[in-house]
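Just the one chain here, the form predicted on its own, laid out as structure tokens.
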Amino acid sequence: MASDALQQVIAGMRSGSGPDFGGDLEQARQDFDTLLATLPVEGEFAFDAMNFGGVPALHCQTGPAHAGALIYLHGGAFVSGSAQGYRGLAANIGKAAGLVTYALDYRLAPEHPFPAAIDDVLVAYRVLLNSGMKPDRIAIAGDSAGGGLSLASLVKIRDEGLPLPAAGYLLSPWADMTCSAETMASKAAVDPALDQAGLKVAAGLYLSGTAADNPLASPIYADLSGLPPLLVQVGSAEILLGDSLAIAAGAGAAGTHVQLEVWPEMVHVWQAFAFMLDEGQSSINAAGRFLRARLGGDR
């Protein structure tokens, strides 16, 4: 049975205050920003605006400078969201991993459709490499659309022949723009956050004519061999559960180390509610252990 805290989260999601990606986009963006602004950020975190070769970002010193970097990619269905709105979640993960956090403001659709977001991630990654940071001291993480973008970026980094980062961490990733997973229907009644119709609208804006099964737009269709170790966390009460299952199956079949965690009863990106949800902080702590192990701990 869901805890009181989880019931509060679900009630808030069902209240109608969240974004409707199937409706007016500007209204959805405003609603999403308003919702994100209600999430508290720990007072210990200080953020500085910066940019990577023209790509805006927020920097937070959540680990020693020599330890390495976490590139964080926010959610928002590729059409909304911001580093500012997700700064607390990004910093919590960076702190758990002992890494310096860089939350990117990659370009959004429809103004900047696929593959603009991937291009921005590659720019930021190259800047870090050119600064002298070793790739085995870098991790890429993201939630929802940012989770799919993280996986697509790892595929692109491999295909470009760049040295790969140490690990990827995907939170409730949206990695299939066809929106055809069986869980889109089977989990619809229990998912308080997302619906298939709204995601299809957002996918169309992001794709802007690109085929929905393009391997970089929908990385469940990509060759996932030769990627760094992946941690995938998803809730059992998500219509995107099928995307995570497909990622794990594809990566595992390709010989890529993948650790899939399906958290019972959890909803979309429950880690963002770590301030009130024990499972949120527990999952972040688990991710911190995973990342520290892949990056060799603090050094």
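The numbering used is simple: start at 1 and walk along the sequence shown. Treat the numbers as computed from the prediction; the structure is a model and nothing was measured.
The form predicted in complex with a further copy of the same chain is left out here; the points below concern that form.
Listed residues A248, A67, V55, L58 were compared with a further copy of the same chain in the model of the complex; A248 is the one with a heavy atom within 4.5 Å. Heavy atoms within 4.5 Å of a further copy of the same chain in the model of the complex are found in exactly one of 59-67, 46-54, 234-242, 23-31, that being 234-242.
Of the heavy atoms in A37, none are within 4.5 Å of a further copy of the same chain in the model of the complex.
Although the partner is absent here, T256 lies within 4.5 Å of a further copy of the same chain in the model of the complex, judged by heavy atoms. Contact annotation: W263 falls within 4.5 Å of a further copy of the same chain in the model of the complex, judged by heavy atom distances. Though the partner is left out of this view, K156 does not reach within 4.5 Å of a further copy of the same chain in the model of the complex, counting heavy atoms only.
Although a further copy of the same chain is not shown here, in the model of the complex the stretch 172-211 places heavy atoms of just one residue, K187, within 4.5 Å of it.
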